[in-house]
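This document starts with one chain, in the form predicted on its own, laid out as structure tokens.
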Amino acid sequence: MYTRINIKTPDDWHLHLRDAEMLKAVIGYTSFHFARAIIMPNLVPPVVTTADASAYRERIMAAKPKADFFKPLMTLYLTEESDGDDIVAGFRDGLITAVKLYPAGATTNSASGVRDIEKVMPVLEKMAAAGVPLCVHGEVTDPEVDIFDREAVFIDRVLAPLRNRLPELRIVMEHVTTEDGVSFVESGGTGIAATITVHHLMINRNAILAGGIRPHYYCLPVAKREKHRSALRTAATSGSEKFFLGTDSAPHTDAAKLQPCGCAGCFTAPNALACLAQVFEQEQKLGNLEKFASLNGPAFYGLPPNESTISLVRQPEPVKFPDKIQTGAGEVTVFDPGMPVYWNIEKG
């Protein structure tokens, strides 16, 4: 049995840091564990230009603990008015790493997202030519489509046609939640990959609904049936270069979560790596943990892996995580894995 694992410092390829007081409160949980992170642009107002991204990056760097080495990798929010030349220039100058496609209304702060994919095709064509990756929230918002089917329908209606039309466009299907998504990425050839969250590896939809509604497990895309969670675990622990960690850690105050129309999102930054190690141990694939957490993501984005390392240490007793954190915006509940987690993190 493993008791200590040394791996290259991981990166988080899908992260929400918010802004202002919330940013100040949550950034340290990520910068302690991760060297880099793809930063989501769905602020209010959204991060739509390279100037917006540069200003947001400065706020992140000012908020992070000074002792932590951390590099935010900025993204732009794709709208039907986005400037393709600004995107390409920002990418070539190293100001941005990717562009995020939100179908309008799909998730938190997505009202400014894309309603008609045809209206952004000229921008996507410029991105494809310049090698700018597209990060996709892969769900349709058609009210006639069941919420548990929205990922599969998105693949059929949007993603597969887009891949056929622009096969050179590099795409990350973020927070994939279904065996349909796993199969599409596995069979999609080069230039397409997927991130998988920790919480989707640990819970299925029963966690949200069985025995009462548990809003702190409610996220978008919503957790699915157990067969889908099983497919995600197989993909994440396989070592396949097509899958890598994106926590989608998404802090909301309890006041925003615990209301008749509560926000979607799980705040996993404080315990994501420990929970991930527990999953890989359960699947008897700890030897592949470094690939998923530290190597596959940089390879897809054309970046070197981090030179620094961290250690994951298995304790004889379960690790105790905080139930909540205090922020200037209000209390935030930390993701409860619903099982004992025995792994702790030590920085090298």
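The numbering used is simple: start at 1 and walk along the sequence shown. Quick caveat: nothing in here was measured; it's all calculated off a predicted structure.
This next part talks about the form predicted in complex with ligand NCD, which is not shown.
Proximity to ligand NCD in the model of the complex, defined as a heavy atom within 4.5 Å, holds among Ser238, Asn204, Ser112, Thr108 only for Thr108.
Here is the short version: of Gly265, Gly181, Gly90, Pro72, the single residue with a heavy atom within 4.5 Å of ligand NCD in the model of the complex is Gly265. A residue is said to contact a partner when one of its heavy atoms sits within 4.5 Å of a partner heavy atom; Cys219 meets this definition for ligand NCD in the model of the complex. At a distance threshold of 4.5 angstroms between non-hydrogen atoms, Val176 is out of contact with ligand NCD in the model of the complex. Using a 4.5 angstroms limit between non-hydrogen atoms, Asn42 touches ligand NCD in the model of the complex.
Though the partner is left out of this view, His137 does reach within 4.5 Å of ligand NCD in the model of the complex, counting heavy atoms only. For the three residues Arg18, Asp248 and His252, a heavy atom within 4.5 Å of ligand NCD turns up in the model of the complex in every case. Looking at 73 to 81, 146 to 154, 219 to 227, 124 to 132, the stretch with residues near ligand NCD in the model of the complex, meaning non-hydrogen atoms within 4.5 angstroms, turns out to be 219 to 227.
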